[in-house]
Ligand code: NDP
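Next up: just one chain, as structure tokens, the form predicted alone.
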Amino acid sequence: MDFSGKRVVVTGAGKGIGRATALMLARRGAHVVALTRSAADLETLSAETGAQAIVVDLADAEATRAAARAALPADFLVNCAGATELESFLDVSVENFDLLHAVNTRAPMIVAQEYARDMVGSGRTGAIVNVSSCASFVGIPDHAAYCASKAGLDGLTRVMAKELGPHGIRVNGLHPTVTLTPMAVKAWSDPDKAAGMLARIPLGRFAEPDDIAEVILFLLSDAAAMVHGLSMPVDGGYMIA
């Protein structure tokens, strides 16, 4: 897949799936506009790829909108930023519930709004990939706020697909299983907990960031020209287990 001459906005590009996606896009010719909270992560990414770096706390709605506008124009958008806090349902705090929804649900909406307004206004076509999670389909202990925030993102993705499709903007959701990112290590460092999840994955392993990035690039590419409104698990068979 060749992205030469294409400009792609990637949120959460500092670490994990977002970084793997940014690196892969750059290797395949794209100019990446990377949004993330850590200036240090963006500095190393820019050094590796020449990506344009925009430091932003996606929990801040006004700052997120300003960053999204600064990133435009762009051909494609990957909403990849995510946050998690591990709390049982009985212990979920309002503060953490609001934080996860701000980063995992509201920020993708804001960035996609600005991208889509620019595309529709200029009459251009494009594609959006919203990186959700298998946790939007399955109740996972200690992930109540995270599961809810990703389910909210799925609802947005479906409405975006309905409303933006007629403008030539394809929108798809991607649902990874546990992917070996810093956030996943935090959530799945307990060997007993990890063993239970692995036992449900027929392929017998967790995903690597590049496994997910390859599918993101496919969904952005012309090879997926008729793929729209999809909720696509990339889970090693977890959802069928």
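Nothing here was measured: the structure is a model prediction, and the numbers come from that model. So that there is no doubt, residue numbering starts at 1 and follows the sequence shown.
Note that the form predicted in complex with the named molecule isn't included here; everything after this is about it.
Listed residues R200, R65, H31, R37 were compared with the named molecule in the model of the complex; R37 is the one with a heavy atom within 4.5 Å. Among the residues E214, D57, E48, E208, the one placing a heavy atom within 4.5 Å of the named molecule in the model of the complex is D57. In the model of the complex, none of the heavy atoms of A22 sits within 4.5 Å of a heavy atom of the named molecule. For N172, no non-hydrogen atom is located within 4.5 Å of the named molecule in the model of the complex, even though that partner is not displayed. Interface membership of G82, defined by any non-hydrogen atom within 4.5 Å of the named molecule in the model of the complex, is confirmed.
The named molecule is not drawn, but in the model of the complex it has no heavy atom within 4.5 Å of V78. Of the candidate stretches 69-77, 132-140, 115-123, 157-165, only 132-140 has residues whose heavy atoms lie within 4.5 Å of the named molecule in the model of the complex. With respect to the named molecule in the model of the complex, the three residues I128, G229 and P233 uniformly fall beyond 4.5 angstroms at the level of their nearest heavy atom.
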